[in-house]
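There is one chain below, alone, in structure tokens, taken in the form predicted on its own.
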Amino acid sequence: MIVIGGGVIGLAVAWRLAQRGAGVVVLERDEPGRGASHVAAGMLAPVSEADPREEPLLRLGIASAQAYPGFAAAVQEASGLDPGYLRCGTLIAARDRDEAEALERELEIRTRFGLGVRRLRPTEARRLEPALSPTLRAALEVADDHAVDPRKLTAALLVALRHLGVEVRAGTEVVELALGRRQTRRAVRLRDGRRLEGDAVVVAAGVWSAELPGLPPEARVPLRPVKGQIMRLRDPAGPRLMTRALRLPGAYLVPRGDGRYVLGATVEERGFDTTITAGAMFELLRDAVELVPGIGELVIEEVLAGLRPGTPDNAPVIGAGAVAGLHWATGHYRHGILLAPITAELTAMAVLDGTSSPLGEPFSPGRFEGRAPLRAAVRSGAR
């Protein structure tokens, strides 16, 4: 089996395939785990991000979140490394009357879907998280929305793959797919001219998935890059500021459990631009400091920008493609870290068993195949 892409999705897929006895090679054009996975905050938050218009995606996210404890434990056992899974819970906060009213509507929606969420008075929220500002107007607690450190997770997956004999090739660019209908073996041609063959090819190359040459027009899926800028912060005094992830309109703060935090993230339709802008950093800090004033005392460790792979409906593409032996595991937009366990399981089912699950059927590549590629707009988008 050939997996194209060494981010968290590609690595998780390769690991699940190898666990089930398949021979696997992973091809990564840069360094494994250094793309969107390296920039991601790692929120595992299907409930706090629930949208009633996206019920299939909500159900997929909940299933993946429920699988995460076992997934993280298995990766840790296989690698001997901590994958950074943190049972921290999430607070959704409101700063003023309008945001408090919006929070009530979000509570009603989540209650209607039977999701675990609890309304908190400002005093109750500050009792849980004393660093919150007295100006806090309202809050919701989502105890089962947790977090993971994507950098630790990808590092652990790489070691787990090595222990299973999976070869992960860094700096290996695929320049052509050879997926002719009459072929019994699938093949890829590399930049150095070499050719690799396998029983199946899984495309998990994130935003670069749509750029792979050799795909017939009817087998392509449309993807676009969606820029996200984040900031990584550190508290010299250790993990004392926030113990839970915090969501507010325009920003989120995710603890790592060791005094480090990720503050993010913008959502910008600016093509393949990955520059860092002062305005974006200012807005993230301004919004977060209003609710957690202590953020202003933290040390800035990094500012980064990454590219999320977005589809026309911003839902992932998971499953068998239009050409035999071609499988997709991409287009996860803002949910790649969350959906890694379920994507790996659904992909292994499709590749090794030739079966699908009702949970994954709404995300079949068939809904997009043959459509023209998305053109990446160059304009700012609201966060």
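The numbering used is simple: start at 1 and walk along the sequence shown. Given the structure is predicted, the values throughout are model-derived calculations rather than measurements.
Separately, the form predicted together with another copy of the chain exists; it is not shown, and the next lines address it.
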Query raised in the report: Given that the partner is absent here, does residue 277 sit within 4.5 Å of another copy of the chain in the predicted bound form, heavy atoms only?
Result: yes
Query raised in the report: Looking in the predicted bound form, any heavy atom of residue 162 within 4.5 Å of another copy of the chain?
Result: no
Report task. State yes or no: in the predicted bound form, is some non-hydrogen atom of residue 210 no more than 4.5 angstroms from a non-hydrogen atom of another copy of the chain? Result -> no
Query raised in the report: Would residue 152 count as touching another copy of the chain in the predicted bound form under a 4.5 Å heavy atom rule?
Result: no
Report summary line: Interface check vs another copy of the chain in the predicted bound form: of 285, 103, 120, 304, the one with a heavy atom inside 4.5 Å is 285
Query - The single option of 220, 270, 247, 137 touching another copy of the chain in the predicted bound form, heavy atom within 4.5 Å - result: 270
Requested in this report: Could you tell me which stretch in 190 to 198, 125 to 133, 78 to 86, 287 to 295 has residues with non-hydrogen atoms within 4.5 Å of another copy of the chain in the predicted bound form?
Outcome: 287 to 295
